[in-house]
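In the block that follows, a single chain appears as structure tokens, in the form predicted alone.
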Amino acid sequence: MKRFFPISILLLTLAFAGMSQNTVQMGLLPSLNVSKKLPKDWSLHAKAESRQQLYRGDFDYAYLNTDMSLIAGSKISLNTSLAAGYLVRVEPDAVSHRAIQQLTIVNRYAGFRLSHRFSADQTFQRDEATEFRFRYRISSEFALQGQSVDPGEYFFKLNNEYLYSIQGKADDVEIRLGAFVGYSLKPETKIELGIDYRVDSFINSSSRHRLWFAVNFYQNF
């Protein structure tokens, strides 16, 4: 675990260095993830995620939104899967809907796993133009004890995602960094604690920084 700790410190240092000069938002981002394996290499993944603001220039609690999604996927080769799904976002004064398509490639090595995800989505909301987003995420998961993550053991996860969005005549780029420490309660159950840092508004205005403290719970059936 010692060799990965400096990486987390570096991510945090870069995040706070940039945030000191621009718009800053911090909050909580807990999520519940439930997956079910189906026959013939199919699977279902349901996710509920709530976003709550704690800071924006000063302490300022606000409930922002809840996302609920359902995605069905199928393996097309040993390491590659295709998936599509639907997400609904509930905000205090609005509801939006999102269609999702994604391709995931997972490579497993001794002691860690590396995955690439290419995805696109389209968000629909009343009285607003459709938003189109294109995303690429690279994610690595490291076993901190032994060559694989077994029950009662910890793991470390790093995410890096690049997102391009276009809505009407406006477009934007967002970069996301995530660092998480996880614990395997049993083969089907894991929990993660970490940070999710996002910076956007590169094109049309001064950059905006958001730092979410995440708690992710995973259950497989």
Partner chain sequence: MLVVFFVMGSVAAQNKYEKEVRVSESEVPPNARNFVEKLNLGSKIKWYQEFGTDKISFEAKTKKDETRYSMEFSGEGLFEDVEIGAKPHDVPQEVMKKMRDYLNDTFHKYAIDKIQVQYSGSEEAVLAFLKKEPAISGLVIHYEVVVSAKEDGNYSLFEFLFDAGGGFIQRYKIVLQNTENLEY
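Every value quoted in this text rests on a predicted model; they were computed, and no experiment measured them. Numbering follows the first chain given and starts at 1.
Missing here is the form predicted in complex with its partner chain; even so, the following discussion is about that form.
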{"query": "Exercise: residue 187 in contact with its partner chain in the predicted bound form, heavy atom 4.5 Å", "finding": "yes"}
{"query": "4.5 angstroms heavy atom contact with its partner chain in the predicted bound form for residue 56", "finding": "no"}
{"query": "Close approach of residue 150 to its partner chain in the predicted bound form, 4.5 Å, heavy atom", "finding": "yes"}
{"query": "Its partner chain contact at residue 192 in the predicted bound form, heavy atom, 4.5 Å", "finding": "yes"}
{"query": "Single option in 90, 106, 129, 120 placed near its partner chain in the predicted bound form, where near means a heavy atom within 4.5 Å", "finding": "106"}
{"query": "Option touching its partner chain, based on a heavy atom within 4.5 Å in the predicted bound form, out of 41, 171, 60, 67", "finding": "41"}
{"query": "Stretch 68 to 93: residues contacting its partner chain in the predicted bound form, 4.5 Å heavy atom cut-off", "finding": "71, 73, 75, 76, 77, 78, 81, 83"}
